[in-house]
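Take a look at this one chain, the form predicted alone, written out in structure tokens.
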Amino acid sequence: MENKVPEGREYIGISRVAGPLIFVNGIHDVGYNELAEVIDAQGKVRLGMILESSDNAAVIQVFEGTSGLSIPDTRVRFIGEPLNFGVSEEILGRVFNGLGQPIDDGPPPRVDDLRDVNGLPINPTARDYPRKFIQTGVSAIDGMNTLVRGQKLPIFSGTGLPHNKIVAQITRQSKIVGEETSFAVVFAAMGIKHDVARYFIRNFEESGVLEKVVLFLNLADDPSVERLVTPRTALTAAEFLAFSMRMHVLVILTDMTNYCESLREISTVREEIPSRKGYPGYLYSDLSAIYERAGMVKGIEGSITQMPILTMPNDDISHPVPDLSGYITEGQIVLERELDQRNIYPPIAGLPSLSRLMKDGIGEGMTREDHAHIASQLFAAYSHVKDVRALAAVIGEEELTPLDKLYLEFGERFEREFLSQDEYADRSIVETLDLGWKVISTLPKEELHRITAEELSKYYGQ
């Protein structure tokens, strides 16, 4: 039988305070990730979590911060269990802080079950392969980088780019075509500004989806250590809705770069050996523990689809956070600053973006039989447009061949008609594919090598 600390056992005095961490010596029978109550000289109780424990010492991160704690007068009470989040159907439409405490002035929701926020690993053999198409209503995603139910598809963005607007649009418009399903959104914010939080809440209210949204908000002025728990609490809510309530859940995590900054801050305070750009060496495994909580389970109707948002410092896609995320997730949606500066919304880059599960969620019976070929042809043609533009910058557009000029025309139409759309325009997959055929028909048939003769006769020029 596992040894637990007797309830109420307290340790008086701590050995050291370092940033949001406290160090306690002379302890017995406490474990990693267990909760602790830190009580200051005035009797105020702060919640903490054990980051590290040995035979007689523990390191505790204090969520409310360590300001005002004195070394001899601080008391620590070990609870003997990990951080739990109380779940029930009543969490829908509610707003919580990063620890799962309600902050919307409503009564505490009913608790049907207490779930460990660290989750339980899914047996790999029980996972179901993601295959069903999710329609977002955004042509650049549905047509070129299709989102599949149960997928992890992050948005790689940069400071000042409209990733929040894109995610709000996806939240409003996402649907599973041809099925009557229960859909919910779990939205977790880490270190975002108050105006961004208000924007999302207002958007959910105005679009009428707020009653199907669970919000977890850790704002920029909240304790940074709380950010380390926020995505885990949110995913615990998502797992309940998906696997107990049989709902299809879209999880939005913004901004994962802020999460990683907090992880680096704690690692520095713990004096761990840094890796790339000062991040801890376990950044990859830590991100994996979050991203891999998406997916589907055989025999269970629900699913968890993740769309994390990463703001790349200096638009550097090789930065450790997007770089490691790309290894773990199944593709990425990359926002391009040059498109944004030309007022093209959404500024989704045509070539760096990709969805690795797209091939399994499109085609006859899911989207349309020509989807794979028209998407491949649009990619190929737009890639050639980039080469022609580079050539025109050297020799001048007037020196280009008539065919190259047709490619330039196609590139302009592709960006202005296919990629670009209003933030409230909800395009069906049929409208997206028809629009793709409309712009590719700018080029002569002889240039369309990735499309079958039957598809050309059916859709070209229509």
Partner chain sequence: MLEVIGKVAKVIGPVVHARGVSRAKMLDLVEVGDYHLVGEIVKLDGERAAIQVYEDTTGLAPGANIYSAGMPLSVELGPGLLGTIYDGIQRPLEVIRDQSDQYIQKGIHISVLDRERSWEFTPVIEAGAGVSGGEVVGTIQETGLIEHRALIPPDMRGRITWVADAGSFRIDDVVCRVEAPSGEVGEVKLHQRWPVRRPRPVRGRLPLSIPLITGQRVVDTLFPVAKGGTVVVPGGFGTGKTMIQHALSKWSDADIIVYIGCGERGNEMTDVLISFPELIDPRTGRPIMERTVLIANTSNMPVAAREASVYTGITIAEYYRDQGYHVAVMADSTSRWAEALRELSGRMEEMPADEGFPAYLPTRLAEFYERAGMAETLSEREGSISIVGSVSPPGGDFSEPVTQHTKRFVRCLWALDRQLANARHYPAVSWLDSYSEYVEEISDWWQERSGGEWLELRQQIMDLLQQEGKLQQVVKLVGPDVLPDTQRIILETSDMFKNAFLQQNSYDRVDMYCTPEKQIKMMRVIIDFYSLGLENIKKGANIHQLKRMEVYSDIMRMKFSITNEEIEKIDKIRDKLHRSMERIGDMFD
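The shown structure was predicted, so the numbers you read here are calculated from the model rather than taken from an experiment. Residue numbers count along the first chain shown, from 1.
The protein also exists as the form predicted together with its partner chain; that form is not presented, and the subsequent description refers to it.
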Proximity to its partner chain in the predicted complex (heavy atom, within 4.5 Å), stretch among 411-419, 60-68, 45-53, 432-440 = 45-53
For Y282, is any heavy atom within 4.5 Å of its partner chain in the predicted complex, or not?
-> yes
Tell me, yes or no, whether L114 is in contact with its partner chain in the predicted complex, where a contact means a heavy atom of each within 4.5 Å.
-> no
Partner proximity in the predicted complex: G98 to its partner chain, non-hydrogen atom cutoff 4.5 Å = no
Does at least one non-hydrogen atom of T329 fall within 4.5 angstroms of its partner chain in the predicted complex?
-> yes
Answer key, its partner chain contact in the predicted complex at 4.5 Å (heavy atoms) among A289, L339, L263, M247: the residue is A289
With its partner chain left out of view, choose which of A380, L219, V177, I103 has a non-hydrogen atom within 4.5 angstroms of it in the predicted complex.
-> A380
Does the trio P121, D323 and L456 actually contact its partner chain in the predicted complex, every residue with a heavy atom within 4.5 Å?
-> yes
Stretch 28-63 - residues with a heavy atom within 4.5 Å of its partner chain in the predicted complex | D29, V30, G31, Y32, N33, E34, L51, E52, S53, S54, D55
